[in-house]
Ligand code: C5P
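Before any questions on binding or motion, here is one chain by itself as structure tokens, the form predicted alone.
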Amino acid sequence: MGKDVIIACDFDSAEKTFAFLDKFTDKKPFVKIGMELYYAEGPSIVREIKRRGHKIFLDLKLHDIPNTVKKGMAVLSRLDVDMTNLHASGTKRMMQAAIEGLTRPDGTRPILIAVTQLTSTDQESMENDLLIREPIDKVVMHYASCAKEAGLDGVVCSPLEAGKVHDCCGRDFVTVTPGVRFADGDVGDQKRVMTPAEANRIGSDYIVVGRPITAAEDPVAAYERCCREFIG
């Protein structure tokens, strides 16, 4: 599987999004559309970015009863996105229902990945807020195993856990890793972070990078630097 850098387009309007994407004249980067932009603009923003030639990771993190998730995924499958996700904590039954909903009549579907633990979560907050006492690595591996058993393609995880996920679930099980920052950058509100080069060495398949690119003085140069460090 080829590695790729996914830019998190965490903007609150189509105008800001296209002003950013218009800077990229030579290459159409893989982009992530998250809650902020999707809730602001709806499905039309997905269709327009796809029309412009970008691959899309639709990051809405579905988490509900299985039937609701199945119906929601059936709607999202019509948007022709390349990747979407849900929370592994919704149980294997919910994840299986999601695949059923996401699969189109011709048998095709986007890549479906599960969120294990958010990269803003650390051991202390997991224990105190979620009452999960197991070590965070063990929790992530258990969620990843459940996702694989449910038939998903991979997980969202910290780059610190990507190599272990591959050891646990196989090399073909996709790891999508946010929490990536340049060595000379600000970590923001992320707790479990790694540089693009480190993420490459440890085995991440895709890295999701937001502010280090979108807030850079020269976003195209920052994106190209990220690709060099991660892909080579």
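Because the structure is predicted, anything quoted here is derived from the model rather than measured. One rule holds for the numbers: they count along the sequence shown, beginning at 1.
Omitted here: the form predicted together with the ligand. The next part is about that form.
Trainee: For the three residues 32, 181 and 210, verify that every one has a non-hydrogen atom within 4.5 Å of the ligand in the model of the complex; reply yes or no.
Mentor: The answer is yes: all three residues contact the partner (heavy atom, 4.5 Å cut-off).
Trainee: Would you classify residue 10 as touching the ligand in the model of the complex, given a 4.5 Å non-hydrogen atom cut-off?
Mentor: Looking in the model of the complex, residue contacts with the ligand include residue 10, since a heavy atom lies within 4.5 Å.
Trainee: How about residue 77: is it within 4.5 Å of the ligand in the model of the complex, going by heavy atoms?
Mentor: Residue 77: no contact with the ligand in the model of the complex.
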